[in-house]
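Following this are structure 1 and structure 2, which are two forms of one protein chain, each written alone as structure tokens.
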Structure 1
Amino acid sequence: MIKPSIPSGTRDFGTTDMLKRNYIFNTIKQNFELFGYSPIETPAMEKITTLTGKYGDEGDQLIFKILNSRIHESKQKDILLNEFKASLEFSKNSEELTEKALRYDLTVPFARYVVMNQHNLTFPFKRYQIQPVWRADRPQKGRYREFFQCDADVIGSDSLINELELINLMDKCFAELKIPVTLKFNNRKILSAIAQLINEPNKIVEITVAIDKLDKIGVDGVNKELQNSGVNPKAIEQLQPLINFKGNNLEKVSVLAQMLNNIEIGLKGIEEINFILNYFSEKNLKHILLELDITLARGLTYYTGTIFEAKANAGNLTSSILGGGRYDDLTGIFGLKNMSGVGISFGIDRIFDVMNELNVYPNSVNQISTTQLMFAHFGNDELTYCLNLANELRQQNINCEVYPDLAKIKKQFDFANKKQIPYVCVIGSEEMQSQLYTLKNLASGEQEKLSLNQIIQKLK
């Protein structure tokens, strides 16, 4: 007998965790709906052709591929064998072997959904989507192979009003979740302008990917990576003031404005940044700190305008718990051009870790059971009598259970105590006759004799 286990990088969630996670999901979900986002869901499996080539070479390696079923029944085993040989050598996809894969994020499936349903959707289309994604990353603390994403996107509108609304949405969410957050933002147009300025317009991807790692690998690491990517030494030197950029939001903008004053796309980027800063200089954010960060790049290549990254300030952790940005051509990869959109993605699993560290859940969530009352009993007749009482309570929306076995009262109480059920009601022949029931509060030890209606009033 092999001891059972689960794949590395995956997790089971018991009831305690589930109640906390559902609290996070529901808080975000309610806010998505308050801001006019509507739910959709897409399948866990996508055609492999939908996914590959969208996340860069590194990303492609992390896609979980599903082996085609019934290959042993194929009549073309020679072809299959050759395809397998080729995939061993070149890491090339073969649809003969795998034509489906697990989704890697929710953004590409969303783009695919929009293109497939373009004639039935009303644009600007605002959707939210809360589903797991899978990545064959090396598992480590805070990094899982199965994790939830929680995305809101609007597509078909290039108005910066959407950016303002998303910032308001994040502010409200993080305030309710009680997570202290710094929201860093930047604009990809600034990064494009900088690539032009230093005369390396074709190296924009390499430059953004390298600068994006500043927090992790430091200035020297970034410079080394720029060098390895073939960015010329003079350009790297020109980039230094930028990498060491300091000051408050307005100071940063004025330095940028001087630096990029001849570059059209840079001026456009500055205009967009100013639009956001102006709005929030008049209307204060309740909870989050908004910080312009010129080194923020976000790895993904499809962003073209504003980019976001939220970091939680939780004890020793400084964890990235949200990312997002504007893309002018996300659906272009599936043939639908000129659809500008902007979106954010909450990293639920990181948020869960941070909230556990801070312990900021409301009391109603800090439970190990959802049951409010348990019926204990002295024998068979009492047991079926309990079923009827329980059904009366359930009609009134009170969660309750009946200890199902014949057992000593002590054992029944032990059960309720272990599950931290708040109330126990013991049913004997006396209670059945008088129709008055002793309700015991397990935490305080208090007990009182009540009618069923009184119990209902008390627990509702």
Structure 2
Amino acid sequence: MIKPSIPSGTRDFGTTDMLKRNYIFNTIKQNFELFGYSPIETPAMEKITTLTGKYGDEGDQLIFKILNSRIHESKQKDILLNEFKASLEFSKNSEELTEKALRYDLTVPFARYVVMNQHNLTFPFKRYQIQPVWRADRPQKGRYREFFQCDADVIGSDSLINELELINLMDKCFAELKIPVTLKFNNRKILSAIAQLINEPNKIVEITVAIDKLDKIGVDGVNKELQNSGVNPKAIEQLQPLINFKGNNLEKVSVLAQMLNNIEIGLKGIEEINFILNYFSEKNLKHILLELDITLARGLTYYTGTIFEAKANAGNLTSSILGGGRYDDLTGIFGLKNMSGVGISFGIDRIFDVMNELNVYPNSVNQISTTQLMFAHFGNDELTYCLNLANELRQQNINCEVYPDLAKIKKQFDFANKKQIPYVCVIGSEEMQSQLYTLKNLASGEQEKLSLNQIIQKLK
């Protein structure tokens, strides 16, 4: 006998959980459409060549690869054996072994989609996408191997107005979800300028990957990782004031302006940061505290401008619940040059965990059932009659169901109570004759005789 279980890093979601998750999905989806984004979907699988090389070395290690089907029928088993040994030793990608992989995120598949469909799209193209992604990560609190992302991207425009609109979108979503949030942001141009300043321009990836782990491993851990990556000790020393610097947004910008006043890309980054801060200095964000974080790097290699990362200001979850940024040439890797874009990704599973901890769902979402009314009955004739009444209610978009079995009325009421169905309509021969139906409110115990039209009006 096999004991049932699920893979580590995945979760089942029961009815109560799904009602909560659907509330989150619907809230974000409605706001995506409010801001002019249209939906698309891409396959769960992508070609391995589409995904690898887009997330840095660490990201490549987390891609779930799919073993080629019917590999046992191959006539080149010696080659396959050698490739398999190499994959075990070096995590080498081999198309002889695996041509496909589960998508790591939604952004790279989106770039591939844009290139393949460029002649059918109107640019700037604004899309949203709500689908699961997979990462071969080590499971822990707030970190899963299968999780949903809700992405919004606009591509084909380099206007910083898009960044402002995304911040407004985030603020509206988190306000409606009742999650107070700190939105940290930085600019990749600043990080490139810092790498130039310390004479390590070729180590920009190593520097950003290490700095991005500051919250997790601390200053000593970052310095050790920089040393292991071959960054010059003098350069590491020059980085310390930036890693340790504290202050408000304007003070941080002032320090950057002094440090990077002779580096062109740094000045451009400061200009873009000021554009965002100047706009929101007079705007009251409802649920977002906007914070310039010079150490925010995010390990993804495709960001070129603004970088976003949001964390909840309440609850015990310390992981980010949103990330994103500006990418100037992501589609270039697929042959479509000079297509600038910017996007954000809501981490639904972490948002779900935060909202569960804070218990900020509307009361209606906490109900077990979406059914408004259940028909109870005394026999076969009444059961058939109930089906017809239920169809009438459904034509009016009233959620209802019929108890399917012949059972005592008490058992039918117990069922409705356990499912937290608010109303029960009892049908007997008298109700069928008079066409007046006994409607009971299970919460208050109130009971009344109503016509079908009266029931419809009451429930609407």
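C-alpha atoms forming the largest set that superposes within 1.5 Å between two forms make up the rigid core. Residue positions are counted from 1 along structure 1's sequence. As the structure is a computational prediction, the values presented were derived from the model and not from experiment.
Only structure 2 of the pair represents the form predicted alone. The two rigid parts rotate relative to each other between structures 1 and 2, and of Phe110, Tyr37, Cys386, Lys54 only Tyr37 lies at the hinge. Hinge angle between structures 1 and 2, smaller rigid part versus larger, from C-alpha superposition: 8 degrees. If you overlay the core, the Cα of Ile66 moves by 2.8 Å between structures 1 and 2. Summarising the core-aligned comparison between structures 1 and 2, the C-alpha atom of Leu81 is found to shift 5.4 Å.
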